[in-house]
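Just one chain follows, in the form predicted on its own, and it is written as structure tokens.
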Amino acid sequence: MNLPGYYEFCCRVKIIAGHDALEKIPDALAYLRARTPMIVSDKGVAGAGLIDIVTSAIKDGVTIGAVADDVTPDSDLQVVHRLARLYREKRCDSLIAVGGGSVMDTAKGVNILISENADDLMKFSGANALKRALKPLIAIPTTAGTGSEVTLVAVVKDHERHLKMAFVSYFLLPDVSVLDSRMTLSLPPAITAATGMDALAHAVEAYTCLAKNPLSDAHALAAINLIGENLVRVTRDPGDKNGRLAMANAATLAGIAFSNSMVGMVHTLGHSAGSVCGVPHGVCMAILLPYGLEYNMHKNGHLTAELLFPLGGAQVYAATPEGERADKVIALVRRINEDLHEASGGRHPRFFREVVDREGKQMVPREKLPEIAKTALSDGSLFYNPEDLDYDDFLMVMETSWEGEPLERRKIKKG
């Protein structure tokens, strides 16, 4: 193993996990010297009854100061400012975020404003603008994918200016993350599939891209193993509590991994397809992951090969000749996507031409592929990819993943 000469690793989030982990929140709040939290969530989470489960679990010793369940699917600057005002009006002293990535990002944005006693979130955009600890924040993920419960990043969109602003600071890490199987039992199969593939992409790119390190590797491999064993199963059987908890742990492990080693071209193109066409991030990750592995094969195929053991298991690993293990990993990722497609009743897309909105309209018209490729050129995650990509490379990958054909390595011009 070639160890990096220098790396940094940090995860100072306390993690509480179990089938009844929510009941530990009063103790966690007491340790943080907080008694009156504001719950931040969205309509989907509230409508599924998850807020009621949380409030029932923590009713002893905790006074809920406010419940804000109107976070938008794409975290919104105006919502952040409005919730900060509500927090102050209700005299809350802490935050509990219950939801997916957008809810987590919104809660982190609110925490910046209330902790800094500020009225303009954009003053704190970028990296390391925060200089002190924020108010207590407890994160309760309701999907097993984003890893936002253990990341130091928040992304908030200014819809008026059509800008997405990133906020990066160790002070944005939640104080506590609570992983409870009850929070994901109601996830529909298609969302279970997409968010699970998001976690897999986090772990795979964390292990195979340029900023990998021994500690992120350990988290990534553990995540890949849990996902390989559980994702298809819980998509087929949503009520599998043990599988749900395993996937929650996998997403958190993957979140820790990529927060400390970054990601590459799968996320580069995924961010762009999401920005240009509004495709859900997990769907982009599922479609693009095998193509990213194929594109980078000549640079890091030996690392991809090492993923066969955690993803496929000991028997598959032993039965596969050493020179074929990287290809086998890619084939397994495609097999997982096929199984998820079947388990979700065809709602999990395998390639971009299959991605449709609620009305059945195609979300990624082929004529949009050049715009996606152009947008990808300015994404910072490209810096950590093992191989360079230019516009023509991005367009080639998008065209191939739109059709659903394997990427022909002879098309790759790099060396």
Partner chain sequence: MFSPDRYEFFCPVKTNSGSRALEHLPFELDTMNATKPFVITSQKDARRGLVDVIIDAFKDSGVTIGIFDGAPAAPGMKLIKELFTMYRDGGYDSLIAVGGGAVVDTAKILNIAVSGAPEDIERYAGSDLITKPLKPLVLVPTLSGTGYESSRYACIDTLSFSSCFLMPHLVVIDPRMIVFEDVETTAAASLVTLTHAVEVYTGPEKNPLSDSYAYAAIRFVMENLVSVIRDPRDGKGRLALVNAHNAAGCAFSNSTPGMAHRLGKAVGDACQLSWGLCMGILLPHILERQTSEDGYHIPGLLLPLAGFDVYAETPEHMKVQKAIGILYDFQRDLFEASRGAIVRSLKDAEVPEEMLRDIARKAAGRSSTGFDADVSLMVLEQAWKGK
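Positions refer to the first chain, counted from 1. The shown structure was predicted, so the numbers you read here are calculated from the model rather than taken from an experiment.
Although not depicted, the form predicted in complex with the partner chain is the subject of the following passage.
Participant: Of S344, N225, S186, S102, which one comes within 4.5 Å of the partner chain in the predicted bound form, counting heavy atoms only?
Facilitator: Result of the distance check: N225.
Participant: Would you kindly say which of V153, A246, L332, A190 lies with a heavy atom within 4.5 Å of the partner chain in the predicted bound form?
Facilitator: It is A246.
Participant: Let me test this: is every residue among K24, N242 and A314 within 4.5 Å of the partner chain in the predicted bound form, going by heavy atom positions?
Facilitator: Yes: K24, N242 and A314 each sit within 4.5 Å of the partner chain in the predicted bound form.
Participant: Just to confirm, K131 within 4.5 Å of the partner chain in the predicted bound form by heavy atoms?
Facilitator: Heavy-atom contact with the partner chain at 4.5 Å: present for K131.
Participant: Do C284 and the partner chain share at least one heavy atom pair within 4.5 Å in the predicted bound form?
Facilitator: Answer no; every heavy atom of C284 is more than 4.5 Å from the partner chain in the predicted bound form.
Participant: Is the gap between I114 and the partner chain in the predicted bound form 4.5 Å or less for some heavy atom pair?
Facilitator: No, no contact at 4.5 Å.
Participant: Is G18 close to the partner chain in the predicted bound form, meaning a heavy atom pair under 4.5 Å apart or at it?
Facilitator: G18: contacts the partner chain in the predicted bound form.
Participant: In terms of non-hydrogen atoms within 4.5 angstroms, which of the given stretches 123-131, 106-114, 90-98, 139-147 touches the partner chain in the predicted bound form?
Facilitator: Comparing against the partner chain in the predicted bound form, the contact stretch is 123-131.
Participant: For the stretch 391-406, return the residues whose heavy atoms include at least one within 4.5 Å of the partner chain in the predicted bound form, in the order they occur.
Facilitator: If the 4.5 Å heavy-atom criterion is applied to the partner chain in the predicted bound form, 391-406 yields nothing.
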